[in-house]
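One chain comes next, on its own, written out as structure tokens in the form predicted alone.
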């Protein structure tokens, strides 16, 4: 017995069947951002009789056991669809969700697809910070926007769980336009401790000093000032502990 769930604008049968094939997505993509385990690509699709540039994410399995436990959980596409809408309601700049498709057979997920708007030519936050032409004031402005986004996400009770600079996109023609992407692992929590928030933030890897010494151009301190100006000084120590823990090799 198959059970399908599709939300979104009308797709042609050809496109609908093609999106269920990762090879088809890669072949017709304008650009492929990722291939394993998830295929993430930019395509032009005809949606409601109008051609539109979108980003398609066709989910794969990271662990061998995941397909077998899929009947007990929402699909990744369903979770990202819900999280995207919730963050948009909060004013968080995430790509607008366009469509979501999950197909199950006997409860097990067979196809798991999420489609969102294409936000235009962009570069990742990591590339932006490492770009030689970018001045320090420009870097600070970018960090301010990142801090303000993360602050709202945390206040709403969400942890991104993959909060690195590659998941912040900056428009090539407008550095003021910053988007948070890849919400696959994001989860809602009724309460967030300081430790949980700082562990989440530590993944950003903003400055090589790791808060071990003082210097004027520390992007960690700049981040904390905009993340929580009233408590920034009190957050330095827990963030430093999280940075140290994140560097320790696993046994």
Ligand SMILES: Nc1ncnc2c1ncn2[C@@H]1O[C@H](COP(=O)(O)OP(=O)(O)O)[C@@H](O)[C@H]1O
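Only a predicted model underlies this, so the values are computations on that prediction, with no experimental measurement involved. Residue numbers count along the first chain shown, from 1.
Just so you know, the form predicted in complex with this ligand exists too; it's not on screen, but the next bit is about it.
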**Request:** Decide whether residue 57 counts as a contact residue for this ligand in the predicted complex under a heavy atom distance cut-off of 4.5 Å.
**Result:** yes
**Asked** Would residue 189 count as a contact of this ligand in the predicted complex, using a 4.5 angstroms cut-off between non-hydrogen atoms?
**Response** no
**Asked** Does this ligand get within 4.5 angstroms of any non-hydrogen atom of residue 195 in the predicted complex?
**Response** no
**Request:** Examine residue 172 and determine whether its closest non-hydrogen atom to this ligand in the predicted complex is within 4.5 angstroms.
**Result:** no
**Request:** Please determine, with the chain shown alone, which of 137-145, 102-110, 81-89, 118-126 has non-hydrogen atoms within 4.5 Å of this ligand in the predicted complex.
**Result:** 118-126
**Message:** Please tell me which of 38, 210, 52, 200 lies within 4.5 Å of this ligand in the predicted complex, judged by heavy atoms.
**Reply:** 38
**Asked** Does anything in 16-38 come within 4.5 Å of this ligand in the predicted complex by heavy atoms, and if so which residues, in order?
**Response** 33, 34, 38
